[in-house]
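Quick heads-up: it's one chain on its own, the form predicted on its own, in structure tokens.
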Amino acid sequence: MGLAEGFDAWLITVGNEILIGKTVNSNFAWLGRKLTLLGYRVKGGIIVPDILEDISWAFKTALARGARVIISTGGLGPTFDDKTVEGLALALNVELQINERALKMVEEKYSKRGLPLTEARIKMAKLPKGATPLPNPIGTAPGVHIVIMGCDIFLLPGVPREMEAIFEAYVEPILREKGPKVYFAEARVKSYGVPESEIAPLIWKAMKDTGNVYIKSHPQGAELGVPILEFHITASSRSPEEAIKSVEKAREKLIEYLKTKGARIEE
């Protein structure tokens, strides 16, 4: 793998629901794999409750350990216990202020639904001074990006679909540009006739069996009609040969597993 010294990443999860066992921390596994494929070394992870001082401590701890990248998930919404942005501001000792770009993003989301801006909704546009909002294509709360002490800090929503969408559209390109130079390989496979819900466990199995790969499924047909799925397989390594080898192995495994379900394959 393209792991490199000096490119340490830390993951911070904010939410009481994780700590009490109500919600499984799937965001951590997803981000850990993504960062690893990008060549970063995931050095540690911290889970904290929705308490301002604890959130601030988590960011301070990761920064003190020399993180080059910190990604938090959770706590960006309009409710009183969404405190991640405020916790980061406290950790960095900077003030919160209404970000006009973020306010426009939030306003557009609610105006499309015929809903007015309220204090709770405006709260989602209050960012640490110097931060940049990241558009949320699915939800209402923008992501946040700020660079401090040579560290890129990203605040992402806790809802997995929102987190993944912001990461792939905005965070990943930044990390590719700033991260270690690794080689990427990719392949595509299309299957017909088996629903995504039935194939999902096979995707995880193919990734687990191969190791250094990520497989993304893209539905192109009706789940209960004639299911059509396109799979995008990616891998990274310090050598192009290794990256290609990993993709090939994952492709073969995925096809093997798909065929056990009776899927028709197109490569």
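So that there is no doubt, residue numbering starts at 1 and follows the sequence shown. Because the structure is predicted, anything quoted here is derived from the model rather than measured. Here, rigid core means the biggest group of C-alpha atoms that superpose within 1.5 Å across both forms.
One more form of this protein, predicted in complex with a further copy of the same chain, exists but is not displayed; see below.
Of the residues Gly211, Gly44, Gly66, Pro240, just one reaches a further copy of the same chain in the predicted complex with a heavy atom at 4.5 Å or closer; this is Gly44. Although the partner is absent here, Lys190 lies well away from a further copy of the same chain in the predicted complex, with no heavy atom inside 4.5 Å.
At a distance threshold of 4.5 angstroms between non-hydrogen atoms, Glu86 is out of contact with a further copy of the same chain in the predicted complex. Residue contact check for Lys109: one or more of its heavy atoms lie within 4.5 Å of a further copy of the same chain in the predicted complex.
By the criterion of a heavy atom within 4.5 Å, Pro135 is excluded from the residues contacting a further copy of the same chain in the predicted complex. Site residues Gly15, Ala29 and Glu198 are all in contact with a further copy of the same chain in the predicted complex, judged by any heavy atom within 4.5 Å. Stretch-level contact analysis of 113 to 121, 173 to 181, 142 to 150, 92 to 100 against a further copy of the same chain in the predicted complex, using heavy atoms and a 4.5 Å limit, identifies 113 to 121.
Shown without its partner, the chain has Thr140, Val159, Arg161 in segment 140 to 178 as residues with a non-hydrogen atom within 4.5 angstroms of a further copy of the same chain in the predicted complex.
Relative to the superposed core, Ala200 undergoes a C-alpha shift of no less than 2 Å between the shown form and the other one. When the rigid core is held fixed, the Cα atom of Thr234 travels 2 angstroms or more between the shown form and the other one. Inter-residue distance, Tyr40 to Ala185 (Cα): reduced by at least 3 Å in the predicted complex versus the depicted form. In the predicted complex, the CA atoms of Gly66 and Ala235 draw together by 3 angstroms or more relative to this form.
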